[in-house]
Every structure is written in C-alpha cells, then in structure tokens.
Ligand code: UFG
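Let's start with one chain on its own, the form predicted on its own, as structure tokens.
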Amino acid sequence: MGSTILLTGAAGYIGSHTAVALAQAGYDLAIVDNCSNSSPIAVERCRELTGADIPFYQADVADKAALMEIFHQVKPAAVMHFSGYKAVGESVAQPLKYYRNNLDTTLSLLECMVQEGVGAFIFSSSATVYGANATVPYRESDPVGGCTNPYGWTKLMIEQIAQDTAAANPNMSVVLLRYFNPVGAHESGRIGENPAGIPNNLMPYITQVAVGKLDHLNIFGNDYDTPDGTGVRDYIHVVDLAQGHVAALKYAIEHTGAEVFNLGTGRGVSVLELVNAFQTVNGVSVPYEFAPRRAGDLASVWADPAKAREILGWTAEKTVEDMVADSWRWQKNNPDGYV
C-alpha cells in the first residue's frame, strides 16, 4: 500500500476543492471520475492551482473491474468518496437512478478496499440523514432516518453500509462527514460549482440570475416560522468544507472504527439574508419572486459543529461575505462554467 489518497468524483464541486486543499497540505492524490456530471477541466485547474501532477482516471466507480485496476496502479492509503448523484428533486422523480448509482459506487469501492486491505474511508454524507423530525441545532447523536427524499435515503443507507463494514473489518477507519449547505468557490475563481442545466441549489441560481443567464430567482416559501419568513440553512464555504476533509483524513489514518461529524458553521442564514448579502457585497442586482413552498423543505436547518471542533480541531472560518464574493468571482470569470 502506498501513500496516495484516492478521490472518487473529485472532478465535481466539493471533490475538486478538497483535491486542492489536500495537495496544498502535501498529500499525493489520484482522482477517478466518469464526468457524467462534472468536467475533466476541473482536474486540469486543480493541477494548475497546486502545481501537483494529479493522476486522473476517467472511469465509473460502480465498475468494479475498472476500479480494481485503478487500485492496483494507485495502491491508495485512503479513499475519499465524493461520487454520487445529489439533486433532491431528481431523486424523487428518478429514485432507481439514485439508488443504483449511489449504492453501486459505494459497494464497489468498499469491496475493493476490503480486498486490497485499504483501511481509511471518508464519505460525503449529508444533513438530510437527520430527516424531518430532528430539532436544530443538529447533533451527531440525534436520531437519523425519516428522510424526505431518495437522495437522503441513499446517504443514510451508505452510512449504515460503511459502519457495518468497519465493524466487520477491525483495521478499517470510516469517517462519515455530514455536510450542511456548501456554497462559494476557490478564491482564485478557477474552480467552483458548475451545475448542468437549471441549478438545483440556491447559490448557483443566484449567480446565474446575477450574470443574466436566468431571469429571476424563485424563493420557495416566505411564510415559514423564521425571522423573515424564508427558509434558514447552515451555509458553509466549500473551502472550509475542504479543510474539514483534510482534518478528517488525519483522524482516519490514526484511528479505527466509525465516526460521524457534522461539517457546518453552527449559524443559520435565511434565503433573503443570503440574497441581500450577495447584492450588497457584489453590487449586483438579483431580482426575485416568492413562490409556494417546495414539498419536503424544512423551515430551519443548522449544525452543532462542536464535535468536529473538539475531535478534529476544525472550525469553519469564512464569512457569508466571503461566500457571496467568491461565488460571484467564479461565475463572473466562468459565465458558462468549464468550457
């Protein structure tokens, strides 16, 4: 086994920012991604930003034979798993697509890891695993389940699969990172969120309205029991999130068993707050209209990040102003994404 960290799905948004953070922290990396929902240009930009010669394998992580061949070449010391479909609405409309892809990629990956004796596994989970019944702030000890969409269920199922695998393999270390709402982009403006088609997430929708690609922003619901009636979320800068993975990797290499961490700021920000901050910081207008609530949306979601601070030594540092400024820089510099 070598010292390389294998990243699946790292041509995507969070994986590419984590690749930059890991390379800058001195780790050797290899990336595998089929680019079904991402661009190989992101990997080129990661190399450019870090000066690192990062090997890139364009393959489907669900294809176990192809993945095993990559394992034999890379001999990874640890694996970070970012591969997965992530659009909540699409998961409701096409549940089988989500269960097939998100579970198959994970099963192939864990089978290769066990077969090759690779111990450390870090997984991109989500606050959606807490379901509709949890109360804010969400703590890792809170009950999970009652997910409101198939996307959330795939994350919860994978958490269970990974925990069971760690229990059966005493040398394994599984770290499950429950993301809250990643936004922002690398401060260089060279990598960022690059959704295909109409964005599913708030920030890229705001930036595409600001750049003139979309006419206006729909804010779903202005009658929630929140300070301004719009939904409240824990927005975390993607660069802070990437640093959380660096801290999680150090922990995973030194420990065995399974551990869960929230990655959030611990502060809720409303949709209107975010829109207004974007307009103020960037001096750009974002026309918006209120629309009915979306089914399954919760009024307020934010993390208690104390466990990650205490055990990983990690804290989110970037402000809402950083988030909106970096998001706009990426969109302005790359109006059509990676082309």
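Just so we're clear, the structure is a prediction, and the values are computed from it rather than from any experiment. Throughout, we count residues from 1 along the sequence that is shown.
Below: the form predicted together with this ligand, not depicted.
Of the candidate stretches 99-107, 163-171, 257-265, 126-134, only 126-134 contains residues with a heavy atom within 4.5 Å of this ligand in the predicted bound form. Contact annotation: of the candidates 79, 252, 177, 219, the single residue with a non-hydrogen atom within 4.5 angstroms of this ligand in the predicted bound form is 219. Exactly one listed residue, out of 150, 84, 119, 231, brings a non-hydrogen atom to within 4.5 Å of this ligand in the predicted bound form: 231. Shown alone here, residue 43 lies farther than 4.5 Å from this ligand in the predicted bound form, counting heavy atoms only.
Although the partner is absent here, residue 271 lies within 4.5 Å of this ligand in the predicted bound form, judged by heavy atoms. Proximity of residue 200 to this ligand in the predicted bound form falls within the 4.5 Å heavy atom cutoff. Remark: residue 181 counts among the residues lining this ligand in the predicted bound form, judged by a heavy atom distance of 4.5 Å or less. Three-residue candidate spot 235, 294 and 297; every residue lies within 4.5 angstroms of this ligand in the predicted bound form by at least one non-hydrogen atom.
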